[in-house]
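Consider the single chain below, provided in structure tokens and representing the form predicted on its own.
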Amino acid sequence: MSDSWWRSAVIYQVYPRSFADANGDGVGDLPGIRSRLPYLRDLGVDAVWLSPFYLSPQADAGYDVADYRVVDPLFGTVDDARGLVTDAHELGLRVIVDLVPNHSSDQHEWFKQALREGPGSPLRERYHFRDGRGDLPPNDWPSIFGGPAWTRVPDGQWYLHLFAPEQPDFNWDHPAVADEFRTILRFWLDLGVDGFRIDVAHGLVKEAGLPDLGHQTEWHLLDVGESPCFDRDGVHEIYRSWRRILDEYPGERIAVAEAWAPTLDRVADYVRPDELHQAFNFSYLATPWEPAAQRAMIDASLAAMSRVGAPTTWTLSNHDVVRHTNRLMQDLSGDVAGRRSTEVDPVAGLRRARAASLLLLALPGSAYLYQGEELGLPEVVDLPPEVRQDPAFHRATGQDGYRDGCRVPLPWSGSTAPYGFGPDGAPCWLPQPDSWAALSVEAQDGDPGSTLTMYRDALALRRKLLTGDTLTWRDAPAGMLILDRGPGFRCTVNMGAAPVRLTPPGELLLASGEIGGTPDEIELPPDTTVWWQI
């Protein structure tokens, strides 16, 4: 199993509505992604993960699915999806698609029929419909997006939605739900996809009786902690049944869990040998940029996954968190994703983000990149209220609508918006900053000092030099981390506030920033990572 592709793969997240627009409507689509696949091949990633493109009213950017076997016309057709997979395979790229099993859209036919048929309907048993407590909801659970997790329907019953009211939760105790998702898995596997990213993988099973929390009036996706709504032991039998399906198909089809659990050991339970293949390491994503904290989290992560024989799956950014160009410059105490992102010094933020990216790519295991991080894109923190589309932004409490800032469409070329995102200059669904002209693919391509060039070089070196699961820490001056990977590779990171002088341990392969000093004694600036061949 040590040579399985997914154990060390670098997988690139494409957020379809913000990647590339082929038809000029201002929203990215599958044909647009197909046209840019050579860019991803040249970047050097192993696979592409596509966020949802299924039929959806788009109440939560496609995470409210009305039909899991139909592509939303906003993004294209099933034939477009099939062609994308074919093109990707011809370029040596694998394709992973999002699966949203915790909830459907309220426009899913099952839910609409359940509403029509009323209390006692067999279709209502496929969701969580309950009688209330007088005029109060059935329990005190809050929605991740703010407000109560229950909505009352005209006949008096209430239904559960841990996210938006347009996203009713499935009842996974009902056998029809499990049967349906097994057929959905097979539909996309038969089409040729190489795996699934499982949305809210920790949320499918709720504690029997849906008991009150009794202590919490709001929470956030990234820090829900121990609760009767999430990380119940029953989810693991679901994933064992899915693993058996994945193993029926050739080519090592995989599944990666978006599982927010209270401890790393609980996360590791999702990737036991007969369950899923990967689980995002969100604990690392929330770790401050400080040597002791970073080293402790890296060690704890590797140990937890080693216990079950799984690789650690590292990531620094995704479509739900503030980009790490901003987040790593902020105080994360009590706010693990930097939810309330503020302006940061763009030069300092990019310098730290580049250093963090090279550290992540030096670690054993698999790595996930979020579109645009290879361009050094910052979080957009000044979007006007009228353009925001995160459903949490429009509710009284919850995640505060912070997610729009990392979803602004990519800049590809040109000096003015939309920077080649679409074919005819149509405005994007979210506005791009004027400063992004200098960050476009065109502006950075061929520039040896650009972030894009750094990522391309890092991925090429990683593929060539970094093998195996071992990591060895070396003694390091204050403010620094030094680690070795296998024979001949060393990563040196200065996380301190002052430059550090050191003797080069070997040939300098790659640096996240400019290095001073002499060939015999270099000066490593703050927030700088260097890769060496030793």
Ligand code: BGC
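Residue numbers here begin at 1 and follow the sequence given. Not measured: the values here are computed from a predicted model.
Missing here is the form predicted in complex with the named molecule; even so, the following discussion is about that form.
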Check D60, E258 and D320: does every one of them have a heavy atom within 4.5 Å of the named molecule in the predicted bound form? yes
Examine R351 and determine whether its closest non-hydrogen atom to the named molecule in the predicted bound form is within 4.5 angstroms. no
Could you tell me if V200 has a non-hydrogen atom within 4.5 Å of the named molecule in the predicted bound form? yes
Contact of F163 with the named molecule in the predicted bound form (heavy atom, 4.5 Å): yes
Contact with the named molecule in the predicted bound form for R327, defined as at least one heavy atom pair within 4.5 Å: yes or no? no
Any idea which of 133 to 141, 419 to 427, 352 to 360, 163 to 171 reaches within 4.5 Å of the named molecule in the predicted bound form, heavy atoms considered? 163 to 171
In the predicted bound form, which of the listed residues (R243, K206, R388, R407) lies with a heavy atom within 4.5 Å of the named molecule? R407
As a check of understanding, the residue in F111, F145, Y239, Y455 with any heavy atom within 4.5 Å of the named molecule in the predicted bound form should be identified as F145
